[in-house]
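Shown here is one chain on its own, the form predicted alone, set out as structure tokens.
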Amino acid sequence: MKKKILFGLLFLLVGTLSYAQKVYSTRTAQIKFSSSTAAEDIDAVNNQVQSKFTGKTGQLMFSLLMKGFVFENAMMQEHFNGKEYMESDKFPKAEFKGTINGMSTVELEKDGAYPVMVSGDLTIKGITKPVKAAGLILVEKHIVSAESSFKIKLQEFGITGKDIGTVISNNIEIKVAAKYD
């Protein structure tokens, strides 16, 4: 009887540790960005974003192809990827590598909404800058998702097209949503 109890406790402990160290991933996260000026509102979405995070450490990664952004106007998409703005042929990817701060308060095995802070390095157009943002981790029926919203200044990432500040805002809002497997 003692061996069964001991084995059961050991099994529970190992199962709990491996669950906490689980790597959550998706290839269908979504990143949207919005620019709003008196001249025009511009929105784009990329639904082919890869993301991973480690449950125990909170290590987090997002990666996307710039040409994956879709605009409602094909000409906007062409300009976005062109030499004047993103130079997507020269800089095909953007990525974020960082940490979910406050993972000790998140119970990935328990339904709930858990506010967290995310910090790390965002690389766009070959330029890396530190970013901090509030986020929310949602757990529902053992499915983990995350969302966040933050702003960046285009000029800090070397994006200096002639319409920045007039037609395109220099301050772009980025919204991130991921549902992990």
Partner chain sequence: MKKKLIIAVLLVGVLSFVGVYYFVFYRPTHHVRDIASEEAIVVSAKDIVKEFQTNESTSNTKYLNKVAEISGEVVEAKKDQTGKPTVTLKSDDSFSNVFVTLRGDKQLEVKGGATITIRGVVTGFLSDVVINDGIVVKQ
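Residue numbers count along the first chain shown, from 1. As the structure is a prediction and not an experimental result, all values here were calculated from the model.
The protein also exists as the form predicted in complex with the partner chain; that form is not presented, and the subsequent description refers to it.
Trainee: Which pick from 118, 154, 137, 29 sits with a heavy atom within 4.5 Å of the partner chain in the predicted complex?
Mentor: Of the listed residues, the single hit is 29.
Trainee: Using a 4.5 Å heavy atom cut-off, state whether residue 84 contacts the partner chain in the predicted complex.
Mentor: Result no; residue 84 lies far from the partner chain in the predicted complex.
Trainee: So, in the predicted complex, is residue 174 in contact with the partner chain at a 4.5 angstroms heavy atom limit?
Mentor: No.
Trainee: Report whether the minimum heavy atom distance between residue 64 and the partner chain in the predicted complex is within 4.5 Å.
Mentor: Residue 64: yes, in contact with the partner chain in the predicted complex.
Trainee: Is residue 70 close to the partner chain in the predicted complex, meaning a heavy atom pair under 4.5 Å apart or at it?
Mentor: Yes, residue 70 sits close enough to the partner chain in the predicted complex that at least one of its heavy atoms falls within 4.5 Å.
Trainee: Under the 4.5 Å heavy atom criterion, name the residues of 73-110 that approach the partner chain in the predicted complex, in sequence order.
Mentor: Counting only heavy atoms within 4.5 Å of the partner chain in the predicted complex, the contacting residues of 73-110 are 73, 74, 75, 88, 89, 92, 93.
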